[in-house]
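Have a look below at one chain only, the form predicted on its own, in structure tokens format.
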């Protein structure tokens, strides 16, 4: 009875921690509460197994805890997406190890089929999560094929793997031999690799959320395999939270999960995508050259000085350029002149959910200055100046009008409603969707093409 009460308290602690993490103001305490609940759950599990005096277990916990602490402190914010992917993979791998240990200790000839089934499922899902997460982490780090890798027989291979794995899982219930469990691990480990290689960088917010969910599902199933109710409940909590986040990311990108997993490029989503084109707007410098004004700088100095309400929109380009420190300096300079500065964050800006929030927090930007899409959009009509730093598809007005394109219907930050807009993007090429950005043609837009780490200082110079 005491054990059940404690398990319920731990689960309440996890749920309360997730609740606190919904707001930047309380996220730190939510994280601490979750960590405390996990630590207490580990101690409770050792007590329940009568293993408190098992010193090798404490040594393993100490080594793992200190390794995680020091590795975590050394991770830069720009590398947080690949770190999260790595942690998802380690969670899946740990679940597979738990299930594998259960299989090795069970009397396979007398074990009920339901335990064999859950152990097989945990081995499969855990192995797939581990390998898929490793590939995602390597992609994000830039060490392997960052672009989607497509083979002519890709779908056939994946279908064959999942069919073979499912057959072995079912067969292991009736013919529980070790070779079958080893084959399950090998097949699903390979499946995770083959599945992940054809997912591109722009879909990483979705795949990271999905892998997070799968790590929870694997933990929950392994809990069933070893008869640990607490592990079942906590794993299910992580799985549900990850699936909800996956759905949010898919909706924010206007892409279905099946399209992401199939590795479909946005331009393949509709056969009519190529019918929507806009005339490219030449660089401002080239326009002025035609008008005999090539020796003049872009005319943004005056409205930079006059603007009182300013919104900065960061995107993945800011992360690539590592320009967040420059953006922070610009915001400080604007505020020092008495201007109201806010930041508008699109849900899928970056390579993982909250990527921009993490980068801005790294340089000390107050979370109270960050606005989500629902808060920001009504504000743009009253905004004097929007400064876009490395964002494209998430601000493209074509999402409202270009039927048949990959971004049609996707919620965007409606920056076009602002009085003036400065675009600090690398170039005027379309974003991942392949749809040219109609915002660049607006009369109230001045593009400053180039590396954001170099163009943002130019804006700062205009204020000095």
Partner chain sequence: MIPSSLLPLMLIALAVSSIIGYKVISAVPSLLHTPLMSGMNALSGITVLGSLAVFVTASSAVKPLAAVAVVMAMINVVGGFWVTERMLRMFQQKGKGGEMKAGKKIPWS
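Positions refer to the first chain, counted from 1. Note that this is a predicted model, so its numbers are computed, not measured. For the two forms, the rigid core is made up of the largest set of C-alpha atoms that agree within 1.5 Å on superposition.
Below: the form predicted in complex with its partner chain, not depicted.
Checked against its partner chain in the model of the complex, the candidates 186, 336, 157, 114 yield a single residue with a heavy atom inside 4.5 Å, and that residue is 114.
Site annotation in the model of the complex: the residue of 341, 361, 138, 252 reaching within 4.5 Å of its partner chain with a heavy atom is 361.
Heavy atoms within 4.5 Å of its partner chain in the model of the complex belong, among the stretches 186-194, 254-262, 172-180, 97-105, to residues of 97-105.
Contact check at 4.5 Å (heavy atoms) against its partner chain in the model of the complex: all three of 45, 229 and 244 pass. Looking at residue 404, you'd find every heavy atom of it more than 4.5 angstroms from its partner chain in the model of the complex. Interface membership of residue 411, defined by any non-hydrogen atom within 4.5 Å of its partner chain in the model of the complex, is ruled out.
In the model of the complex, residue 379 stays away from its partner chain, with no heavy atom inside 4.5 Å.
Within 4.5 Å of any heavy atom of its partner chain in the model of the complex lies no heavy atom of residue 162. If you take 50-66 and check each residue for a heavy atom within 4.5 Å of its partner chain in the model of the complex, you get 51, 54, 56, 57, 60, 61, 63, 64, 65, in sequence order. The Cα shift for residue 27 between this form and the one not shown, taken after rigid core superposition, is 2 angstroms or larger. Superposition on the rigid core between this form and the one not shown places the CA atom of residue 416 less than 2 Å from its counterpart. After superposing the rigid core, the C-alpha of residue 46 moves by 2 Å or more between this form and the one not shown.
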